[in-house]
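Given next, in structure tokens, is a single chain: the form predicted alone.
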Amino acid sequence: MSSLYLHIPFCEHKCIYCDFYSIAPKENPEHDNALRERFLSSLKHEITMRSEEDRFHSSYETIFFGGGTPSLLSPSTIDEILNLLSRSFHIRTDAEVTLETNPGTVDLETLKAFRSAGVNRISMGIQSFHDDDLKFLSRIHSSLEAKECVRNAYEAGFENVSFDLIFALPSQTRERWEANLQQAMELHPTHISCYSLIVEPNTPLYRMVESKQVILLNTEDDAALYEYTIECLTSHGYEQYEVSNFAKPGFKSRHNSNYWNHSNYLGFGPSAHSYWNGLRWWNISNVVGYSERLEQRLLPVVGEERLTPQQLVEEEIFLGLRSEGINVAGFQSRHQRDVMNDHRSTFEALLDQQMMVFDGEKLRLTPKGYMVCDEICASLQ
């Protein structure tokens, strides 16, 4: 099965840690509105152009509106885009349709309208339930607004509600992170993503760290918070199915799982990436340049790479270990290689150390192995 991703590059405000391509409003509302309308017209052109290519006549099981903050678009606009996708591609009737949103950008009536438009999964960028953390991260919502947004989503008819949290903030104690997770549990989300604070180049946070305005948490404390996160969420009925992702039974993100198992996906919008049968390509990361290309009936692709057989092998190992494991028989069928034999000594050591398990079908990391996933993957290259 295949997936569709749409990058909506508009935000109310750019957060200090974010390195995704997005733009915040300027002082001229007329300019902002004109830019948004131009983008939407171009997005529709790109969808139509891609649908004319025979190679993309596939069955699609997930649609994901990411960004940016896609919930800044009106429900009628989301409905229009979904209708265009349905006319252009074969979308399964049980498709997972996710909309990223931020508390403070939607109310109950808006969420009801998104649900009526066909969105059936909401993913919220909450990040913290402490107002001082939210202020540091330059989020536009409060803790109370975050909780209200989750409750409103359920009242609006969503049965699949996910949100993100960030840990390892500067000076964060275990007690404060425990309080965050406790408040999260009380809201009964079906899915939680917990990420350690990462400092990306060319972000305000990077400059704050470089100038010593911000002192990051040390590696040992970061690891201890991650270990507690796994213990807490799994004890509350969440299954860890990827390094940073936890879900109630039946609520794993099908879209993200498709990324991790090398399924095909098409990306639309500025900076969007696509992958199709070993070929990866990406769009220009500029909304004006993106629109200019499409207005000339040119696809906005600025780069591509054909993965070599060895790259496909390495990516499947890396992605498999980060998520639900490596299917040994499937791996051999796809690559004509015995992954167990290729890395026997490393895997045997990981099995002995209880960092990995083999159930007769899949090799997968244990919570202990997830703690050092990057190091394990690096040792297999």
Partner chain sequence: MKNIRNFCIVAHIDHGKSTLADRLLETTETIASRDMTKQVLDDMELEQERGITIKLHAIQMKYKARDKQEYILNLIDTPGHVDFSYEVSRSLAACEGAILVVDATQGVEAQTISNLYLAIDAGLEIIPFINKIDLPSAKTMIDTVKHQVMDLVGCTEDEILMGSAKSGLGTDEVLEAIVKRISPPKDNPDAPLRALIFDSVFDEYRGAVAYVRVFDGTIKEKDQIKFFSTGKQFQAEDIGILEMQRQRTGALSAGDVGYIIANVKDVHDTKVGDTITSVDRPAAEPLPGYKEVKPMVFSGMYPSNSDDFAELRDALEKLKINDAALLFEPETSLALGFGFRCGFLGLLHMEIIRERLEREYNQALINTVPNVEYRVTKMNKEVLLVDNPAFMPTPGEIEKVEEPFIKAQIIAPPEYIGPIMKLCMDRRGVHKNTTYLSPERADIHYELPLAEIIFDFYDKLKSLSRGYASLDYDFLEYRESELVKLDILLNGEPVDALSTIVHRVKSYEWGRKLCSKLRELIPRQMFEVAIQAAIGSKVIARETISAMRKNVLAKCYGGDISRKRKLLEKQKEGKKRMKQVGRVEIPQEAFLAVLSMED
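Here the structure is a predicted model, which is why all the values come from computation and not from measurement. Residue numbers count along the first chain shown, from 1.
What follows is about the form predicted together with the partner chain, which we do not show.
Not one of 49, 285 and 290 is positioned with any heavy atom within 4.5 Å of the partner chain in the predicted complex. Look at 328-336, 344-352, 54-62, 34-42: in the predicted complex, residues with non-hydrogen atoms within 4.5 angstroms of the partner chain sit in 344-352. Of the listed positions (138, 183, 203, 196), a single one reaches within 4.5 angstroms of the partner chain by any non-hydrogen atom in the predicted complex, namely 196. The listed set 245, 172, 160, 101 contains one residue whose heavy atoms approach the partner chain in the predicted complex to within 4.5 Å, identified as 245. Within 4.5 Å of some heavy atom of the partner chain in the predicted complex lies at least one heavy atom of residue 314. Taking non-hydrogen atoms only, residue 1 never approaches the partner chain to within 4.5 angstroms in the predicted complex. The shortest heavy atom separation between residue 187 and the partner chain in the predicted complex exceeds 4.5 Å. Contact check for residue 280: a non-hydrogen atom falls within 4.5 Å of the partner chain in the predicted complex. Residues 318, 319, 322 of 317-332 are found to place at least one heavy atom within 4.5 Å of the partner chain in the predicted complex.
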